Structures are given as C-alpha cells and as structure tokens.
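Below, in structure tokens: the form predicted alone, a single chain.
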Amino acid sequence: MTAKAAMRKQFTLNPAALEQLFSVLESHDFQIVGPTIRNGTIQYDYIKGCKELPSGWTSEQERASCRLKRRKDDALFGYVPGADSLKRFLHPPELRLFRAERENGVFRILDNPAPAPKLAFVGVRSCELRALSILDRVLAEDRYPDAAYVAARRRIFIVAVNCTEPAPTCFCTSMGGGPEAGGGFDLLLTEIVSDNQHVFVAEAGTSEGSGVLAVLNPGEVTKEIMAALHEAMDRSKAAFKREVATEGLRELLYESFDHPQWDRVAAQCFLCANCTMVCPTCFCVTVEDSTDVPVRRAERWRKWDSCFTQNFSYIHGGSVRLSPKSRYRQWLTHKMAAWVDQFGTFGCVGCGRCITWCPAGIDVTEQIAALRGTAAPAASDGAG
C-alpha cells in the first residue's frame, strides 16, 4: 500500500452496503455511471443499482482483441475496463456550444440546456484517476479553461476501486502509476473475494466521501482481511506484462523524426483514429456549424477530432500531414514528448486501450521499443 493509503482510516463493507451506497448517491441527486455489460463488452454507462454491475464477468484483452469471459467468482469489480473512459462524460464526443434563431431579420442567441447533471462514477481505476488529473491540467488549469469541462468536473463524486486484475495490455506501472489509487477519489474500495468471504475494504479521500461512508455503517478491518488485501495487490503488481522505458523518451522521439520505424508502422495503420477515441486523455476537437434549409436556425457543435484525420492538420492551402507516417509520428511524439513540454507530464497513463482497440494490432509499447532499437515489433494480422 502507498504511504498516503496507510495514513487513511480503513473500514470494511459487505456487498449489501454497495446497494445502500447507490441509494445514498441517488438521494443526493447523482446519476450513477459504472461498469456494465453493453454491446458484448464491459463499459461505463448509466446504471441503476448493483444488479447492473458486471458481477462474475471480466473480459479477455490483447491487441485487437476483447472478449467477455466468465469469472470463477461473483466479483462485482473484477472486470477489465472497456473502450469508454470518464472522458466521454466530462468531455463528450458532441457538445452544442450555442444555438441561434432568426426573427425579423435578426439572429438572437438562445440559451443552452440546463447545466451538466451531477454524476457519481463507480468502479473507477487508478489509470482513470491519473487520466482525469491530466485532463484537469489541460482543460481546467491551462490559460484558456474549457467552461463545459470545468462545470461538469465540479459536479462529480468518484468511487474508485483498486485494480486487482490488470489486463495483459496494461502498462500503467511504466507511466508512473500502478494498480493502487493514490488520490483523486471521494471513496476507495478494494474488493476481496475468496471461497469463504466477499468484502470491501473502504477508505474516504474527501470530507464528502467520509460523510457517505459513515452512512453505510462500516465495520472494522481485521488482520486477515488486511493480509488478503496486501496479497491481492501484490498479485496485481506482478501481473503486468508490458512496459515502456520512459527515461530519455522525450529526447528519443524528438531525435527520431526520420527513423525507419515510422514507415513500418504506417504500413499497418488504418488511420481509423480508434487509438485517440478510446484514449482517456486525448482532447482534440473540431467545430461545426449547421443551419436549417430556410436559414432560420443555426447551431454550433464541438466534436471530437483526431490527429489521424486528414482535415485535422488543414491550414490555408491544404493539410500539412497527408501521410499515415506523419500522422502516427505526430500522435506518438505529442503524447510522449511535446505533451511534457506543454503540460509537464506524459499524455499517456498506460491503460492499454490503444493496444486493445487498434484493429491493426499496433502495440505502442513495441513501437517505442523499436525506436530505441531494443526490440522489433512482432507481426500482426489484426485479428480480433
């Protein structure tokens, strides 16, 4: 456990207390978002009660592959995160910026709908919390804050869950993280499941979290439960299969502009932008205007964009990054080098989504190793 975790008071909750937790959050007008089975995978969505959590389910993930799989127990949070991240709810794929209506030859700006709802995120992993802190730095703390993000961010409650079973595609330990949540949550749960017990170790990270936890009538943590918790986290840390050497990575990428590896990866890349869509920190957008046929009403929408699309780099006269090589190089160099210059941190938290959801099976950890000359990317047929 981390030093910060050791300082926080820990309690136990039984599974029935989770249902009560949902009721408490709903009584405070929160809409609950948590992991659930949708469209053949586990993803974040709006849920009502523990019955919609993926009890007894997880997913097998590798590059270009994700399949639902039955667990040997009834763990509620024994899942591997899917394609969605908290970004979809706080920095949505589509957002109407304003609408206008023409009346007597004059356009007037109409009010936007009510502010973003209060959201309670349940089952949030450590990598998600770190991604959220990066989005905060970019969208809330920079020179020009994103008003919509800031408003939504102020109205959330986070119930984090320590990750006891990382996916084979995860490499968060390389990016300064790990399976344990160090902060950024209101409540933190660690699920302990064995043949003879099913319990949650709970701790509060904020005063709001303390207030909610007190209502749940938590119990004391025994030595046996703490031993099981440490064993679960040690097992999780030992399960990571991928890694990235980050020392000197920024300099490596800047110096590798003409490296032949960019041509090799470009031959695989479909320019589908899946990696940026599932990335919990990619924030690029475009703006589109639309009107009805008589030009009486007009709207302006903000939509997710990607450095893998041709129009993303369009300036007067055309796009400056026409080739797949230039676009993949731009994405990886920004994520792992220029982001450090802009925001003081890597733009990657090692969640592995870009590996799982790339239909070509491109593995970013292998690409970096190839640039270093320490490994060559394995061939991939993109099979899922």
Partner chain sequence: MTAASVMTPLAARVARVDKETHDTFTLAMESGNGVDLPRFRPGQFSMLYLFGAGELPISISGDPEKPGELVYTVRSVGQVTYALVTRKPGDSVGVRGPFGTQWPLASARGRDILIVAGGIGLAPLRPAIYHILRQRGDYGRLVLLYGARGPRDLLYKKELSAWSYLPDTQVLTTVDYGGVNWRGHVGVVTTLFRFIRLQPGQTTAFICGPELMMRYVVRELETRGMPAGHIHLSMERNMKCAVGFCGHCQMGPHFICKDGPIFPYPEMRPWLDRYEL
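Note that this is a predicted model, so its numbers are computed, not measured. Positions refer to the first chain, counted from 1.
One more form of this protein exists, namely the form predicted in complex with its partner chain; it is left out here, but the text below deals with it.
Only one of the listed residues (Asp234, Asp142, Asp74, Glu94) places a non-hydrogen atom within 4.5 angstroms of its partner chain in the model of the complex, and that residue is Asp142. Figure note: of the listed segments 159 to 167, 117 to 125, 281 to 289, 240 to 248, the one touching its partner chain in the model of the complex, with heavy atoms no more than 4.5 Å away, is 281 to 289. Although the partner is absent from this view, Phe270 stays clear of its partner chain in the model of the complex, with no non-hydrogen atom inside 4.5 angstroms. Interface membership of Val215, defined by any non-hydrogen atom within 4.5 Å of its partner chain in the model of the complex, is ruled out. Among residues of the shown chain, Asn311 is one whose heavy atoms approach its partner chain to within 4.5 Å in the model of the complex. Interface membership of Phe30, defined by any non-hydrogen atom within 4.5 Å of its partner chain in the model of the complex, is ruled out. Residues Ile37, Pro260 and Val265 are none of them found to lie within 4.5 Å of its partner chain in the model of the complex, as judged by heavy atom distances. Although its partner chain is not shown here, in the model of the complex the stretch 327 to 341 places heavy atoms of Arg329, Gln330, His334, Ala338, Asp341 within 4.5 Å of it, in sequence order.
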